[in-house]
Each structure stands twice: as C-alpha cells, then as structure tokens.
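Just one chain is shown here, as structure tokens, and it is the form predicted alone.
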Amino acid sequence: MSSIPRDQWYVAAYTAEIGRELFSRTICGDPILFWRTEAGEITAHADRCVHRRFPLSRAPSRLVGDTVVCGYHGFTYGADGRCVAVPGQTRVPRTARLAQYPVVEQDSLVWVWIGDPALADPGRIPRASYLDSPGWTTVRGMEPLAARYSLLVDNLLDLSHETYLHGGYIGTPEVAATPISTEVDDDAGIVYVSRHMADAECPPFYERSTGLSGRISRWQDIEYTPPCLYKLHSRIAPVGSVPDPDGSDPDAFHVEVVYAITPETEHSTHDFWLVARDFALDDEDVSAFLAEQNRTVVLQDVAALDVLEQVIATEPPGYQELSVNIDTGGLAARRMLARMAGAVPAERAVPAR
C-alpha cells in the first residue's frame, strides 16, 4: 500500500513557473503536464500521449495556440484534454483524451488535486495569503529531496534540530532547551507545535535581517495541515516585548516560513520553501540575504534526510526508533497521514521521559 495520501491537494509549482511553455512535474508518482492558455488559465493533464505514451512535455512536442501537439505522431489535444486531431484520419476516437487534473492558483502557489476529480473541493486548500499580499515581501525556492516526504514532515515539526544541524544560521542553544507545547485539532486536521523563548540568543539569520542583536524574544508557532502545507509563524522582538492586548505587535518583526511538502514518488520529494516578512519590504539586500540563508538551511536538511533515507532502506525489519517529548507533534502528524493514506495507524507512541 502506498504511504502517499491521495484525494488531496498538493502544491505542484509556483505560479511564476508556469507560462506559455510546456511544463512537467511528477506529483505523487503521476507525471503531470501544465501549460497556461492564451487567456492565462493553467491547465493540468497526464503527461503522456494516449497513442504511444510519448511525454507531451518532451521536445519536439509543442504548444500551438491552446493545443499541444505530440512530437512523436502528431496527436493534438485541446486545453480540456480532448484529442482534436489524429494523423491519417478525420475521425477522432471518442476515448482519445488526456486525464485531466483539477488545478487552482492561490497565494502564489499552483495546487493540483491528486485522486478522484469528483472529490476536488478548492475550499479545502489551506491558505497562506501573506505570500502574495501587500505589506509582505517573500523569497522562495525549491530543492529536490531524495527521501520520502514523511521524513521532511518529521524534520519540520521538531525544530530542536536547529541547534545542532543549523548552528551559525538559525540554530541557538535555546531552541533545543525550550520545551514545546502541542495541540492537535483532529476536526480541522491541523497539528500545532509552539516554542516560546523569552530570552534567547539572536541567530545570524535574524540579526542580519532585522538589525536586532544580543538577546531577543523568539517565538516559533508551527501550524501543519497534512499532507502538504507547513507554516512556521516566527516572532522576533526585544526581550520583554509582548503583543498588545488588541493583537497589534508594533515592537516585533514577523517572519512566515512556509514549506509545501509534495511527494514526487514514494522515495523522493519536492521541497518548496518560502520566507515572507513584514519589514524591510523594499530592501533587496535583506531579500537576497534571507534567500541565500534559507536555501543553505534547506540544503542542510536535504543532505541529512537523503542520508536518513538510505539508512532506513538498509535497516533490518522490525527496527524500533525511540520517541521523546519533542516528537509529539511529529507523531500526531504521522497518525493523521496514516489515516489519510488508508493505513491502519500504529499504536499511539508514548514518548520516553
């Protein structure tokens, strides 16, 4: 049985990636062809000609107006996936059409539905409106991960690893030393993990971008909506500063770190990352710094998780890992993902104390 949940929305691309050229990306094992019509709408279909399976994204296949012409035998398809021309005959077989995937552009992301199209409800797509809103500036990237998506979920829900894996960038001793609080909303399908550090060292990631130095108040509030969207609400402020009673927070800097965790296959992942901020909006140096720093951090995670995937592939059957208090959010996410994938959830793991 696949560990990848289907009948779910996944991020397939950034909106800027898809234009008037044929674009392909494999999502949950499905090679999917994207292009933007002359009217600007994105369309998504199986990246495989119905005739002899040639990938329609591969040259010499080409886009002509709002049709795509297969570069192998010339079968031609409209934006709705229907074949409109077959070489050597005027009759087009009724069954000659590409499988079509529901697709939605939202918050600078392109979401694609993997599963039964009849179940696709755009209202279920989680929001991150600040990624494409006035008052925020966002940098972004994507790194390929040669590891299963669940390893990235584990990684992001336990930020204590920042102290050890990302020292000199975003990690400080207080991250690993500070206890977390975990809340699971099964009805909404969201896992929350919070770590509030009232007096912490300011890491270079925030010192260079905000101008704060020395000791700071640093909050990390995670909101994970399985299977795809992870949001880290980061608050950086002078020690002793707290939000005002009305919810305003004029003394703080706010950084929204977003990951779209999209399985490519059972053992590879598209690691989309975005960093949005509500300060220094037009400062290109700050943007360049945050983009470079966050990519470095992501690549450190990628290197570690690629190794972990290899370890798991060679370990003996029945190996039992140890879980502790910092893993409560990750364990809750595992149970949600197992239910989504139709697997029987494992016994509720009790963290070692």
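We number the residues from 1 along the sequence you see. None of the values given here were measured: they were computed from a predicted structure.
Here the subject shifts to the form predicted together with another copy of the chain, a form of this protein not shown in this document.
Novice: I'd like to know whether A288 contacts another copy of the chain in the predicted complex, with contact meaning heavy atoms within 4.5 angstroms.
Specialist: Because no heavy atom of A288 falls inside 4.5 Å of another copy of the chain in the predicted complex, the answer is no.
Novice: Can any non-hydrogen atom of G71 be found within 4.5 angstroms of another copy of the chain in the predicted complex?
Specialist: G71 belongs to the contact set for another copy of the chain.
Novice: Could you tell me if P60 has a non-hydrogen atom within 4.5 Å of another copy of the chain in the predicted complex?
Specialist: So P60 counts as contacting another copy of the chain.
Novice: How about A96 - does it come within 4.5 Å of another copy of the chain in the predicted complex, if we only consider non-hydrogen atoms?
Specialist: Flag for A96 set to yes.
Novice: Have a look at G135, G214, P245, P179 for me and say which one sits with a heavy atom within 4.5 Å of another copy of the chain in the predicted complex.
Specialist: Exactly one residue meets the criterion: P179.
Novice: Can you pick out, from F205, F75, W113, Y230, the residue that has a heavy atom within 4.5 Å of another copy of the chain in the predicted complex?
Specialist: The option sitting close enough to the partner is F75.
Novice: Which among 278 to 286, 123 to 131, 103 to 111, 164 to 172 is in contact with another copy of the chain in the predicted complex, heavy atoms within 4.5 angstroms?
Specialist: Partner-contacting stretch among the options: 164 to 172.
Novice: Going through 39 to 62, which residues have a heavy atom within 4.5 Å of another copy of the chain in the predicted complex? Please give them in sequence order.
Specialist: Going through 39 to 62 in order - heavy atoms within 4.5 Å of another copy of the chain in the predicted complex - the hits are R48, C49, V50, H51, R52, R53, F54, P55, R58, P60.
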